[in-house]
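Below, in structure tokens: the form predicted alone, a single chain.
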Amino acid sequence: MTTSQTMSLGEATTGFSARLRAALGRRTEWRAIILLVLVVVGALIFAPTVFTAYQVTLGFVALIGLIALGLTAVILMGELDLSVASTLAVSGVVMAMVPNIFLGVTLALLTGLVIGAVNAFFVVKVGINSFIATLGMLFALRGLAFVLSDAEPVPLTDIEAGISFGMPLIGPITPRIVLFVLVFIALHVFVTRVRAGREFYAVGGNRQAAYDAGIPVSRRLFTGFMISGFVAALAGVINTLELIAADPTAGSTALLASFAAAIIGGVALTGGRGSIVGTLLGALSLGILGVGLTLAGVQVDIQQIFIGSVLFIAVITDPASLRAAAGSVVTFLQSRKSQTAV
């Protein structure tokens, strides 16, 4: 082999390695993939029935995943929506209070859109931090759900519709899972192929630059919050149909799991980084973990500790967090060295 051929081969190898590292560096789903592998292995050892109870596992994944997918649209822009759990509850109550099932579903979904628009109004127009605005909305909506339902479950008028909705379509595939897959596809296409969706990354990455580039930032924020509200309301509709009643306390345990699914999936809380696919992987991981712990007889409170621990690990292993921690350590060591030298 001639020298020139060796150099060309070396350059090609180096170029491929650089491209591979760059491609892997752009991906944000690696934590979700690692967790999914660990959870699957753990479930196979300690709770193998997770993989035979398909309908239970997939149903749990779909509930967490639906809310997480809607949250992803907001978090990509560097904002938060803590009201999704209460949106789920109040939308379910609104639906159950209407005798006509189709009108009830329509009003419930409109409720989610209105809640999203109100959240966006406070954040965009009033200028309230999204954490504070949606935290206040969380408590307000939870109170509204209790007032509308008299703090009791509201049964569906059309019980047959709820029963038929919960029946499997093909094998373990229920309408809940089908709707989850459709929402996943729609949002994935939106943020990767539609200009408005791709601009979510620009808004979250550098808001001032997005303004300077002519991106309608306010409109994008309204769109993101309304997507989150709509998807949370859809989760409320699905939950109400499957339970044949609306529970004003519904969704109280889903908020943490949904946020964890998005963060584990690589969605950065600062915005501008993440993917719908990563959120799906995070939801799969937490869904299998949750069902596995339940089948193993672990109490719900202990399960929350597991989920909280996983979320904490995901946050501290974020590349940005690791770089910040490394920078702090270097600064501390340099300051100590300077003090010693003096």
Partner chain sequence: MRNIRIMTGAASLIAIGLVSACSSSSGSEESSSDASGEYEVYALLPQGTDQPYGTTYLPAMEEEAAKNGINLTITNSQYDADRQASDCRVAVAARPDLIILWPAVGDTVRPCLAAAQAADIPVTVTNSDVNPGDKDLTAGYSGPDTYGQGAASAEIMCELAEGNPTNILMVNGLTGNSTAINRRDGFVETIEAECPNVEILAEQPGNWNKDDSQTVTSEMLTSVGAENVDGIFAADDTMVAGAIDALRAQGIDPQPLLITSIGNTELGNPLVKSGDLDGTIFQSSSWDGQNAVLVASQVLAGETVEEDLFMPSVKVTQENADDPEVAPEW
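Note that the coordinates shown come from a computational prediction; the quantities given were computed from them, not determined experimentally. Positions refer to the first chain, counted from 1. Rigid core (definition): largest C-alpha set, two forms, superposition within 1.5 Å.
Here the subject shifts to the form predicted in complex with its partner chain, a form of this protein not shown in this document.
Novice: Quick check on Phe146: any heavy atom within 4.5 Å of its partner chain in the predicted bound form?
Specialist: Yes, Phe146 sits close enough to its partner chain in the predicted bound form that at least one of its heavy atoms falls within 4.5 Å.
Novice: If you check in the predicted bound form, is Asp158 within 4.5 Å of its partner chain, heavy atoms only?
Specialist: So Asp158 does not count as contacting its partner chain.
Novice: Is Gly104 a contact residue for its partner chain in the predicted bound form, using a 4.5 Å heavy atom cut-off?
Specialist: Although its partner chain is absent here, Gly104 would stay clear of it in the predicted bound form, with no heavy atoms inside 4.5 Å.
Novice: Can you work out whether Met97 and its partner chain are in contact in the predicted bound form, taking contact to mean some heavy atom pair no more than 4.5 Å apart?
Specialist: No.
Novice: Within 4.5 Å of its partner chain in the predicted bound form, heavy atoms considered, which of Ile173, Ile163, Val114, Leu182?
Specialist: If I apply the 4.5 Å criterion carefully, the residue I get is Ile163.
Novice: Taking Leu38, Val56 and Gln304 as a possible spot, do all three reach its partner chain in the predicted bound form with a heavy atom inside 4.5 Å?
Specialist: Per the other structure, all of Leu38, Val56 and Gln304 touch its partner chain.
Novice: Using a 4.5 Å cut-off on any heavy atom, which residues of 291-313 would contact its partner chain in the predicted bound form?
Specialist: Stretch hits, in order: Val291, Thr294, Leu295, Ala296, Gly297, Val298, Gln299, Val300, Asp301, Gln303, Gln304, Phe306, Ile313.
Novice: Do you see a C-alpha shift of 2 Å or more at Thr294 between the shown form and the other one, with the core held fixed?
Specialist: For Thr294, whose C-alpha is compared between the shown form and the other one after core superposition, the shift is 2 Å or more.
Novice: Note yes or no: does the Cα of Val56 move by 2 Å or more between the shown form and the other one after the core is superposed?
Specialist: Yes, its C-alpha moves 2 Å or more.
Novice: For Ser275, is the CA shift between the shown form and the other one at least 2 Å following rigid-core superposition?
Specialist: No; that C-alpha moves by less than 2 Å between the shown form and the other one.
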